[in-house]
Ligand code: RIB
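What follows is one chain in C-alpha cells, specifically the form predicted alone.
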C-alpha cells in the first residue's frame, strides 16, 4: 500500500503517520522532540541536522528535513543560544530610521551581516537618550552578538560600558574620540559643511543661511564648524555673512518651518545650506508655497545626497556621503571584533563630495 504524506519514508502505515501530523498541528507549535519522534531519530540527530548537517547520513538528513518542512517546525533561537553561546543577531540603533540616509546605511550593514548568517534588530532612538538607553538594555538582555549605534548625545560612557561587558560595539557615523576601546566609522562632516558653504560663497552669495539641527548632535556641530571655516575663507575676498537657524529636528516639517523664518530675515538670504536633505526638501517646499523660485531667487544646498535628491524639481545640490559603504564598513569591523582573535580597535573615516545640481544655480553664475 502507498499513499502521499509528509513522511512517506517513515516506517509504518500512512494513516497513522497522517494522524500524527494532524495531532501535532492541532497542538500548536511543534517541538524538536516531536520532530525526532515523527522522524524516528534521536534528539541529537535532529540537532545535528539543524546545526551540523554534514555529520548526518544523507538519507536520515532528508527524512528529518521532510518532517521539519511538513510540520512547520521552527527552531527556538533562545534555546539554541543557550547551547552555543551565540544569537547570530546584531542590534542597530539609529537616530531616525525614517531618514533615507540611515536606511541606506542599514542596507550596507545588512548585506555584509546576512552573508555571514546574521540578522539585524533595528531600532530608532528618535534623538531621545531615554529611548536609546531602553533599547540598549533590551539588546543586552537578548544577548546580541554585536551592536552598531549612532549615539544621541556626546556621552559615550554607557555604550563603552556595554562593550566592556562583552558586546562587540561599533560607533556608526560617530567618531570614537578618546575611547580607544571602541571601533568607529565616520564621514568627515567638518569637510562636508565646508564644501556646501564654500560652494555658495564661491557662486558670489554674500548672505547665506545655514538651516541646522540641534548642535548636541555631533553631525550638526561638525557641519556648523565646516560652514564657519568656509566663511572665514570667503571673507578674505569679499564681505560675506552666515546666519544660522537651529531647528529642533532634522525632518521635512522642520525644513518647512525654517523656510518661513528665512523669508522673515532682514536682509533676506540669497542662498541656504541645510544640515541634511530632509531639511532641504522642507525648505524647497516652503519656498515654493510662498512663490519663491529656486534657484532664481534663493539657491539651496542639502546634505547626504539621499535617493530622492536627484529626482526633485529642481534637482538638489547636496554633499554626498558614502552611505552604503559606511554601513558595510561598520559591519565588517563588528564581525572582525566578534569572530577574529587579536582584533585591534580602529577608526575609519570616509571623505564626502559635493554633487552640484540645479538647486544651487551653479550653471547660471
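In this text the structure is predicted, and so the values were computed from the model without any measurement. Positions refer to the first chain, counted from 1.
There is another form of the same protein, the form predicted together with this ligand; it is not shown, and what comes next is about it.
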This ligand in the predicted complex reached by all of 102, 223 and 250, non-hydrogen atom within 4.5 Å | yes
Within 4.5 Å of this ligand in the predicted complex, heavy atom basis, the matching stretch of 230 to 238, 141 to 149, 128 to 136, 91 to 99 is 91 to 99
Is residue 317 close enough to this ligand in the predicted complex to count, meaning some heavy atom within 4.5 Å?
-> no
Is residue 276 a contact residue for this ligand in the predicted complex, using a 4.5 Å heavy atom cut-off?
-> yes
Flag residue 169 as yes or no: does it have a non-hydrogen atom within 4.5 angstroms of any non-hydrogen atom of this ligand in the predicted complex?
-> no
Go through 313 to 330 residue by residue and record those having a heavy atom within 4.5 Å of this ligand in the predicted complex; state none if no residue qualifies.
-> 321
